[in-house]
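The form predicted on its own is given below as one chain in structure tokens.
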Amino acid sequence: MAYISASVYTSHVPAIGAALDQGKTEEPYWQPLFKGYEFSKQWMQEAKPDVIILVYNDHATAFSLQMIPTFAIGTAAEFRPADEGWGPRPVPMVQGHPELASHIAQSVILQDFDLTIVNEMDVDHGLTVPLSLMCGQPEAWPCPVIPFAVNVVQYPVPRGQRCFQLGQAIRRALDEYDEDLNVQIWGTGGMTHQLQGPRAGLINKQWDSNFLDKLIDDPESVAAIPHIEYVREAGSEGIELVMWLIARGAMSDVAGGAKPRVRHRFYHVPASNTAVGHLILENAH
């Protein structure tokens, strides 16, 4: 059967992609941030996943405000980097895994999660920036990627508890898959930030730190955080952190297994106007 070997959590700030693409990683402003991912790139080379399920939010590229699925899974064989207004990022085409993606869709829908099945879409910085941070700038990404998009842009957005339960449903789907695949699941977005209004530029280091602590040791309590707390403490865009709960819900300890091993933890402010958080958890073998 397929199995989840690890979960990865990271911010997906668009300015990070621009800094990479424009060769600014050694500039004083950016150097501390990229240094925090040096371990992660080495770890990725050693971990060698067969497939990555990458949970992210689309930023009005594949989906406009005319049509906004709450949860959507990409089932195509490949996905083009999106043009977000200044041309597509100079990164490799994203190769999908239609067989596993279709299996997840069927299994999760039969577990009463109403996924939108997407057979063609472009993927924006929400997906490509995490890949760049973890994999560098290769000629091809190291494995197929299944895009899993979550609406955290237009209210109403899903509750953290629902996202946590969805992660559990995805793990059960993998348990039913016939092929032996080493799968990683990534939760992206966040941490605290607000892009508009009187509180634009908000960063709450203490709240972020507590979130990371509890995500590791007490994920059920993080899943119970209400929307209003995200908005009040983490800013209007801090709601992106519910996507991390999909990845956390898929880990073995949530289903009664051993606690995951923390391989890496990193936090940095600021990157553009955002707090950057990063975590790697490995399932016990």
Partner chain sequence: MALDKPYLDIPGTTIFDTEQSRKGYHLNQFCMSLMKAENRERFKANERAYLDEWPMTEEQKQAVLARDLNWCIQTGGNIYFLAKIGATDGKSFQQMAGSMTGMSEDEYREMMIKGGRSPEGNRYLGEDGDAQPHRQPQGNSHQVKES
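None of the values given here were measured: they were computed from a predicted structure. Positions refer to the first chain, counted from 1.
If you look for the form predicted in complex with the partner chain, you will not find it shown, but the lines that follow are about it.
- Each of H59, L65 and E233 is positioned with at least one heavy atom within 4.5 Å of the partner chain in the predicted bound form.
- For the options P98, P92, P142, G201, the residue carrying a heavy atom within 4.5 angstroms of the partner chain in the predicted bound form is G201.
- Looking at 187-195, 158-166, 106-114, 210-218, the stretch with residues near the partner chain in the predicted bound form, meaning non-hydrogen atoms within 4.5 angstroms, turns out to be 187-195.
- The shortest heavy atom separation between D83 and the partner chain in the predicted bound form is within 4.5 Å.
- At least one heavy atom of N273 is located within 4.5 Å of the partner chain in the predicted bound form.
- Looking at A77, you'd find every heavy atom of it more than 4.5 angstroms from the partner chain in the predicted bound form.
- Of the heavy atoms in Q154, some are within 4.5 Å of the partner chain in the predicted bound form.
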